[in-house]
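Okay, so here's just one chain, in structure tokens, the form predicted on its own.
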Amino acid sequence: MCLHFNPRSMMLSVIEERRSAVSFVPGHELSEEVLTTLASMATRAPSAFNFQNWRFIVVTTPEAKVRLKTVADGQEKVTDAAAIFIVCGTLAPHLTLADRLRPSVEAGIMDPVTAERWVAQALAGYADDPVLQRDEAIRSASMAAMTLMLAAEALGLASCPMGGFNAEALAREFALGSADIPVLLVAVGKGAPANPAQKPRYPVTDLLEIR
């Protein structure tokens, strides 16, 4: 099959132009509508069995930013960005899968027998495997975080994925549940003018093998 597309199409341009912002314009604010849209777009990311095993806490107030900064190695982006999303993966996704699949069944996208089979398969595969649960939580949260950043770029916002935080301290400070694994912080806001362009990538010909 030969695919014909405009190499400058919107989605490709968003991917090409996105960069991890080094600095943000302090004092810029994002509306609740924009924050909700970003989170909603993040939930469009794929996940095994359609687990949707993620959760988002968005930090916007000065007080909450101070609390987050203390457990995030004092990173200035926490203070300067308009919002910081704490992107969590969630454990035991097999326990909530039936609820996650119900809308698909009600919409006629999935038949009830298939949904029940998926739930049974997930239960058999994940219930007694905490390592797989954790791996899946990290995979899902990472894909959600990337989708969130692409959505931010499409809205004309800058973003940056951030590690460099104490997961246990963050969980205590923001009252995360025992099933929540903080995977990434994603800073979002108005990028400062000094932010560099996307860094050149290693040649794809050295990384890609087609068989």
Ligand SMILES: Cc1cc2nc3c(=O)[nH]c(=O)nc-3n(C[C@H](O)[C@H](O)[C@H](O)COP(=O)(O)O)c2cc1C
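Residue numbers here begin at 1 and follow the sequence given. For clarity, every value in this text was computed on a predicted model and none was experimentally measured.
Same protein, other form: the form predicted in complex with this ligand, not shown, and the subject of what follows.
Student: Answer with one of 151, 181, 59, 184: the residue that has a non-hydrogen atom within 4.5 Å of this ligand in the predicted complex.
Tutor: By the 4.5 Å heavy-atom cutoff, the listed residue in contact is 184.
Student: Counting any non-hydrogen atom inside 4.5 Å, which residue from 68, 157, 42, 160 sits next to this ligand in the predicted complex?
Tutor: In short, 160.
Student: Since only the chain is shown here, I'm wondering whether residue 190 would be in contact with this ligand in the predicted complex (any heavy atom pair within 4.5 Å).
Tutor: Answer no; every heavy atom of residue 190 is more than 4.5 Å from this ligand in the predicted complex.
Student: Is residue 198 a contact residue for this ligand in the predicted complex, using a 4.5 Å heavy atom cut-off?
Tutor: Within the cut-off, so yes.
Student: I'd like to know whether residue 75 contacts this ligand in the predicted complex, with contact meaning heavy atoms within 4.5 angstroms.
Tutor: Contact with this ligand, yes.
Student: Can you work out whether residue 20 and this ligand are in contact in the predicted complex, taking contact to mean some heavy atom pair no more than 4.5 Å apart?
Tutor: Contact check for residue 20: yes, within 4.5 Å of this ligand in the predicted complex.
Student: If contact means a heavy atom within 4.5 Å, which one of 32-40, 163-171, 46-54, 59-67 is the stretch that engages this ligand in the predicted complex?
Tutor: Result for this chain: 163-171.
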